[in-house]
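So this first bit is one chain, no partners, the form predicted on its own, shown in structure tokens.
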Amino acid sequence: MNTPIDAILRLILLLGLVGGGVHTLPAHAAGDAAKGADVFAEECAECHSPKEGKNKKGPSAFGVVGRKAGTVADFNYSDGLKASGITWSPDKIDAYVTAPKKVVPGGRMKYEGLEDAKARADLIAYLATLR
């Protein structure tokens, strides 16, 4: 039977499903690459270059999205990172930028992490443009 109560319960269920889905979206889903360039400049550029083939204290960030960890030529990676088996998907980058030492114990990156989920989403959107 289709009573007003049934309609209200269906609406609540639908809103709960939609609302739940919004909360489970990855942080990088709504990133702004232009803002991410600023995040990169502030948080990453001291150690990482966005240019292909230009390593600094850390490896080049060029082409990082989709790249297997520890594979940039001419960069001396930590054993922990080389053995990690990581491929830098947006989700893995998000986790790593949040807490590098937790994701790669024994890694040498001297960065404590970026707590701001929106800034990480913007950063990941920017990194995706480095191709």
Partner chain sequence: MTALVLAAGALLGASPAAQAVPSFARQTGQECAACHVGAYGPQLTPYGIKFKISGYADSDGKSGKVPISGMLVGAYTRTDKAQDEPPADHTHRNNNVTLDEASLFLAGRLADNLGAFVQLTYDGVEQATALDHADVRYARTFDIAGKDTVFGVSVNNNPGVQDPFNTMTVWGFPYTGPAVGFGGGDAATLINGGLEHRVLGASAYAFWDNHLYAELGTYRALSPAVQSRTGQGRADDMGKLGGNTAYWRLAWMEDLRKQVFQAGVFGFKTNVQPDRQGGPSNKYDDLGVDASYQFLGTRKHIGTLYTSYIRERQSNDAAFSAEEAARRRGTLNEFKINASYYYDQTWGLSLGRFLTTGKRDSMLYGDGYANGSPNTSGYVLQADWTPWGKEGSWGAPWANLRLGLQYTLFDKFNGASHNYDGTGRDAKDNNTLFLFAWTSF
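Just so we're clear, the structure is a prediction, and the values are computed from it rather than from any experiment. Numbering follows the first chain given and starts at 1.
FYI, the form predicted together with the partner chain isn't displayed, but the following is about it.
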Task: Candidate stretches 63 to 71, 47 to 55, 92 to 100, 78 to 86, one within 4.5 Å of the partner chain in the predicted bound form by heavy atom - done: 47 to 55
- [ ] Using the partner position in the predicted bound form, report whether Ala41 sits within 4.5 Å of the partner chain, counting heavy atoms only.
- [x] yes
TODO: Please run the contact check for Glu115 against the partner chain in the predicted bound form: heavy atoms, 4.5 angstroms, yes or no?
DONE: no
